[in-house]
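Next comes just one chain, in structure tokens: the form predicted alone.
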């Protein structure tokens, strides 16, 4: 697949133009159709991608591993803790050497604010092959591309004027990355959606994604607002995306963040909150959802939920990104 995107890094959706995002979405839809109909699509025959993980993964790892196999190539899974990165090997050396061994590098590095995105960009600076962000501290551009694809499958390609509620939700498990809500507010404002961000006062997002979301909304003519109530965010929403994330200043002290969150257990997506949304609204989550903390079983397993369609689209968007750039 020879395209104008060959060799281009995909580290943030902000790095790609609206037209390039549209190409990725069109390619994802085409690959989904081919997959469903067992039509071979070995666009990356004999090509290799290196998958570096600094964090755990289910959907991301498997969407990339299955995806490259279906495209005719091969993935090398690398746990950063068992590689020479754990002994201090530099991003420069990693980028130069691995790009001489294969055709693409993908990295997940999401749990330390201020580190993941910078690390990826340094690898990319020295790599002769494209670098794909499988989730960093700032953005999760593979997830949000699949989210946009899913919303379009449900509502049609014109999302302008549709309201999405991106809300913090309570979870007792661990301090989760901030990249999904940040990626959502950046990408959905670009495509004309009215975005309402809701969180308790301690859970502010990073300054730069907030600035970009405001700029994107101004350019597209969309609305972007911040509220301190999940109910207010859900009112009249077409899409709700409630999930937990950590406190930026406390990622090095996650137990403190989890202790503070105990006072916000009522930030849960349940039938009462879904009743505030539009009749044809959808519930979304990047998964894994913290059931009966972030969301009740009745909602995530109910008629509004599109989480499995959304998760499936992670495969098709991952394949599109690899096929277009590698």
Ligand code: CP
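Positions refer to the first chain, counted from 1. Keep in mind it's a predicted model, so treat the numbers as computed, not measured.
The same protein also has a form predicted together with the ligand, omitted here; what follows describes it.
Colleague: Tell me, which of 272, 58, 263, 69 has a heavy atom within 4.5 angstroms of the ligand in the model of the complex?
Modeller: Partner contact (heavy atom, 4.5 Å) among the options: 58.
Colleague: Looking at 94, 196, 135, 182 here, can you tell me which has any non-hydrogen atom within 4.5 angstroms of the ligand in the model of the complex?
Modeller: Of the candidates 94, 196, 135, 182, 135 is the one lying within 4.5 Å of the ligand in the model of the complex.
Colleague: Contact with the ligand in the model of the complex for residue 127, defined as at least one heavy atom pair within 4.5 Å: yes or no?
Modeller: Outside the cut-off, so no.
Colleague: Using heavy atoms and a 4.5 Å limit, would one call residue 108 a contact residue for the ligand in the model of the complex?
Modeller: Residue 108 belongs to the contact set for the ligand.
Colleague: Report yes if any heavy atom of residue 143 sits within 4.5 Å of a heavy atom of the ligand in the model of the complex; otherwise report no.
Modeller: Yes, residue 143 sits close enough to the ligand in the model of the complex that at least one of its heavy atoms falls within 4.5 Å.
Colleague: Using a 4.5 angstroms cut-off on non-hydrogen atoms, would residue 316 count as touching the ligand in the model of the complex?
Modeller: Contact check for residue 316: no, nothing within 4.5 Å of the ligand in the model of the complex.
Colleague: Which of 253-261, 285-293, 29-37, 44-52 has heavy atoms within 4.5 Å of the ligand in the model of the complex?
Modeller: Careful reading of the contacts points to 285-293.
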